[in-house]
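One chain comes next, on its own, written out as structure tokens in the form predicted on its own.
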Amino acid sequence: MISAATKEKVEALASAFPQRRSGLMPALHLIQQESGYISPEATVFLSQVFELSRAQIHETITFYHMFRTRPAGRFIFQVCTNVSCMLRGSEEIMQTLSEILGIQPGETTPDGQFTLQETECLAACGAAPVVQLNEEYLEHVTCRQIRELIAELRKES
């Protein structure tokens, strides 16, 4: 559900630009920040505010990896699978995460704590392999570091 305050901010964004659709990206960020993902209800609301079809809103959401159409875990692991990261061990990192968490890429643990995602590129090739944990980049990641990190995160939960 979108709060009245967020709806007001989204409508202000749409009005702030000569072409309403220019405010769509910041509006998507606002809604996801509040709800954790972009719901079908939010898509309908955005299509009305920005005078775009629901398909156009959906295309934008699914084009960018930072937007989600389903609820995600408290901790979101995004593993870069581009060539630089793959050559430096991202497949092993992904396998380690999958084994420890008991989920496959695109899934969330039953307790809602962890989501695992495959990402085409995190634009940090010089620091491969790279994993993004929520908004933080983890560079030159090893499987050992991943095991230790998950143990720490589970203690926090």
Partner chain sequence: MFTKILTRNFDQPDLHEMEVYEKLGGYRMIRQALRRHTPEEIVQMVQRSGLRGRGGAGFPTGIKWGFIPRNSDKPTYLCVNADESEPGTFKDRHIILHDPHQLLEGIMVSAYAIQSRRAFIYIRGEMAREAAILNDAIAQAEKKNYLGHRIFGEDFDLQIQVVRGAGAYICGEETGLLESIEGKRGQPRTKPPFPAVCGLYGCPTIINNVETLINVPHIVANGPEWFAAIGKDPRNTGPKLYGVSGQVKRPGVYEFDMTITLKELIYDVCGGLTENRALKGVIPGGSSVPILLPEEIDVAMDFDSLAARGTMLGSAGVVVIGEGTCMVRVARRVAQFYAFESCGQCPPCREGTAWLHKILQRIESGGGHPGELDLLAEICDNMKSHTICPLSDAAAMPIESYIRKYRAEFEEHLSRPGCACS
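Treat the numbers as computed from the prediction; the structure is a model and nothing was measured. Positions refer to the first chain, counted from 1. Think of the rigid core as the biggest set of C-alphas that the two forms share within 1.5 Å after superposition.
Another form exists, predicted in complex with its partner chain; not displayed. Remarks below refer to it.
Although the partner is absent from the chain shown here, 16, 29 and 126 each have a heavy atom within 4.5 Å of its partner chain in the predicted complex. At a distance threshold of 4.5 angstroms between non-hydrogen atoms, residue 70 is out of contact with its partner chain in the predicted complex. Its partner chain is not drawn, but in the predicted complex it has a heavy atom within 4.5 Å of residue 139. Though the partner is left out of this view, residue 24 does reach within 4.5 Å of its partner chain in the predicted complex, counting heavy atoms only. In the predicted complex, its partner chain sits within 4.5 Å of a heavy atom belonging to residue 118. Residues are counted as partner-facing when one of their heavy atoms sits within 4.5 Å of its partner chain in the predicted complex; in 48-66 these are 59, 60, 62, 63, 64, 65, 66, in sequence order. Superposed on the core, the two forms differ at residue 65: its CA moves 2 Å or more between this form and the one not shown. With the core held fixed, the Cα of residue 17 is displaced between this form and the one not shown by 2 Å or more.
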